[in-house]
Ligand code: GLN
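What follows is one chain in structure tokens, specifically the form predicted alone.
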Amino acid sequence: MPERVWTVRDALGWIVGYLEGKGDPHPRRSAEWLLSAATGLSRVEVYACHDRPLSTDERSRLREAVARRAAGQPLQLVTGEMPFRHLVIHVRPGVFIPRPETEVLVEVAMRELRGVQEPLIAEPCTGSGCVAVSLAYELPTARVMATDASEEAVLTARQNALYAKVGERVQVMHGDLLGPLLARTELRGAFDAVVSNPPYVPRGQLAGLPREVLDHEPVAALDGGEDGCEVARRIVAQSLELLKPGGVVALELAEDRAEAYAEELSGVLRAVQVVKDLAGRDRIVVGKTQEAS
């Protein structure tokens, strides 16, 4: 007997039911992404080409991907990519997976830099490079100098800069926070903005994170110290040596820490405000250094 021909529609329906039974909270979204990755079809084409047969290779790739997702691997690691603003960001194990709320961090930074002709931006804790690469992509005259303590993250961010064709304007360095930039005396006082999504989960809350996060995200990208703001404080202290007068600091923080940290930051920066994320939660703290007298 000939082997059954599976169409895109057949596969979509089966995957949704299978992942639902495995406890996937968003089985249809997962099925769409997995089919898209296995076939090269866009998520829209998955429905437009529902009668298209799957090749043997596509079915093999799909079986492996579905098994990994059913075992609890984050969807982004299974497909190796995720959409972020106007780009597709490539991700890999050991590198923090971008979150949708971080898109707001990019939006806030761009708003604060409006009118700056050739902004120089620093981005510590770059991870996949989603923020650095997006800023360079959306601000065609900007230069971004990004850092990360993880060599795997540095490699990933560099590759994402190349994929987005902004590699000439994004420099990614290995090192602790803004240390690699502070080591270059010519960069002190040269930056228009420091933008970062630092680790911000309070250490005592790490054990309560979902298993999908604990099992697959690097702890160093999550642990924000005792109150979740320790890394942010270090970044701000270093930023004061790098920023021009009137330079911008924009940080993503936990929703239950942003307001308190904004009050704390008001003693160091001016015009400090809290910006809500796409779900209406306090998320971004932004402020400026003092203007030159």
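Fair warning: this is a prediction, and the values are worked out from it, not measured in the lab. One rule holds for the numbers: they count along the sequence shown, beginning at 1.
Although it is not shown, the form predicted in complex with the ligand is what the next lines describe.
Please pick out the stretch from 27 to 35, 64 to 72, 221 to 229, 48 to 56 that is in contact with the ligand in the model of the complex, where contact means heavy atoms within 4.5 Å.
That would be 221 to 229.
Tell me, yes or no, whether N197 is in contact with the ligand in the model of the complex, where a contact means a heavy atom of each within 4.5 Å.
Yes.
Determine whether any heavy atom of E101 comes within 4.5 Å of a heavy atom of the ligand in the model of the complex, and answer yes or no.
Result yes; E101 sits at the interface with the ligand in the model of the complex.
Could you confirm whether V201 comes within 4.5 Å of the ligand in the model of the complex, counting heavy atoms only?
Residue-level check for V201: yes, a contact with the ligand.
Decide whether F96 counts as a contact residue for the ligand in the model of the complex under a heavy atom distance cut-off of 4.5 Å.
Because a heavy atom of F96 falls inside 4.5 Å of the ligand in the model of the complex, the answer is yes.
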